[in-house]
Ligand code: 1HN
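Encoded as structure tokens, the following chain is the form predicted on its own, with no partner shown.
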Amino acid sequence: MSELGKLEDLPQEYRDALTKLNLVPLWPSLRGVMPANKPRPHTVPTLWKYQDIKPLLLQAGELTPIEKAERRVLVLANPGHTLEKMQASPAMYLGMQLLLPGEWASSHRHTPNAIRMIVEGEGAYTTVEGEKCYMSRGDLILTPTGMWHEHGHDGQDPVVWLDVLDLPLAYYLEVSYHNDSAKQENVNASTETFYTTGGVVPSPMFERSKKQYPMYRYPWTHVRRTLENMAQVQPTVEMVSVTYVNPETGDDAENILGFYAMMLRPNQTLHLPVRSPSIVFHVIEGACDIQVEATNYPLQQADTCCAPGYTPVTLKNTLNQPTFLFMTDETPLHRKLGVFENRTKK
């Protein structure tokens, strides 16, 4: 294949004429935007240690009252995208959010989809569309696009959670905005009680939900028990993992990002499939090493790590007991766009 022409090969007068008309020649940049065989991601492997984040997050609680912050968050930014873009990956935003006892984070809604993965603390809650969802470590709480939500804290100790949003995508599409609202009335029953057991949904006489998101809170106690049961019943299966889904349709819990939980058996080493989406790992319980290509990242409880797509990833449980991980990736988006790839060699 012949070498493509370079911009500097063109006469300056010609380049000036193009610029004046808001025109750009494609061929000098063609291989940059469409490289051969494999993308060149800006996302780089990145580790965020919770022991480093927590003191700064607590200090933020002292420096900035919730009334001024609205949402007191430290963004986990991937340096490959530059810190000011506040991206963990092409479509994922991550943030560690702090709520102190007695605080209330005002009600709003926004176009990006969001979830909360609770890191530590008790007594806080998120109210979503009038449903009060209490927070415990490992719980997943959805706040999908356009749904009113607020945060409150009736407990005694600070509560921290990991926010995951598809904000970079919404921002790139120029559809990102929010609305404010007065405090919500808690009027709705807890939808999670209708979907406590897999394979069981309310009968029509109980007005089975037709909402796009019939369940907002996925308690960790249920998910953990499921993973343990799976590991016991199928001891030869390498990847002990579950996907958070819509209990009525079986589709992904939200429509852009995918959410999963995994159990690593004691001292287990697991080679993950090489796939197109970036993936974020967060340790709910335990500890593990994550090797991204040739670099090893040691993770303790509450640590978070991001790996770019099209990249080999190996997980190793460093303990003599199970380790539990929460994971999120861009698989639903990739599938909708028709670009999802699994490059694992058979």
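Heads up: residue numbers just count along the shown sequence, starting at 1. If you're wondering where the values come from, they're calculated on a predicted model, not measured in any experiment.
Below, we refer to the form predicted together with this ligand, which is not included among the displayed structures.
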Query raised in the report: Out of the stretches listed (236-244, 271-279, 194-202, 89-97), which one is close to this ligand in the predicted complex, meaning heavy atoms within 4.5 Å?
Result: 89-97
Report task. With heavy atoms only and a cut-off of 4.5 Å, decide whether K85 touches this ligand in the predicted complex. Result -> no
Requested in this report: Examine D163 and determine whether its closest non-hydrogen atom to this ligand in the predicted complex is within 4.5 angstroms.
Outcome: yes
Report task. Report yes if any heavy atom of H151 sits within 4.5 Å of a heavy atom of this ligand in the predicted complex; otherwise report no. Result -> yes
Query raised in the report: Is K183 close enough to this ligand in the predicted complex to count, meaning some heavy atom within 4.5 Å?
Result: no
Report task. Find the only residue in L167, M263, A253, V119 having a heavy atom within 4.5 Å of this ligand in the predicted complex. Result -> L167
Report task. Tell me, out of K132, R224, H110, R137, which residue has a non-hydrogen atom within 4.5 angstroms of this ligand in the predicted complex. Result -> H110
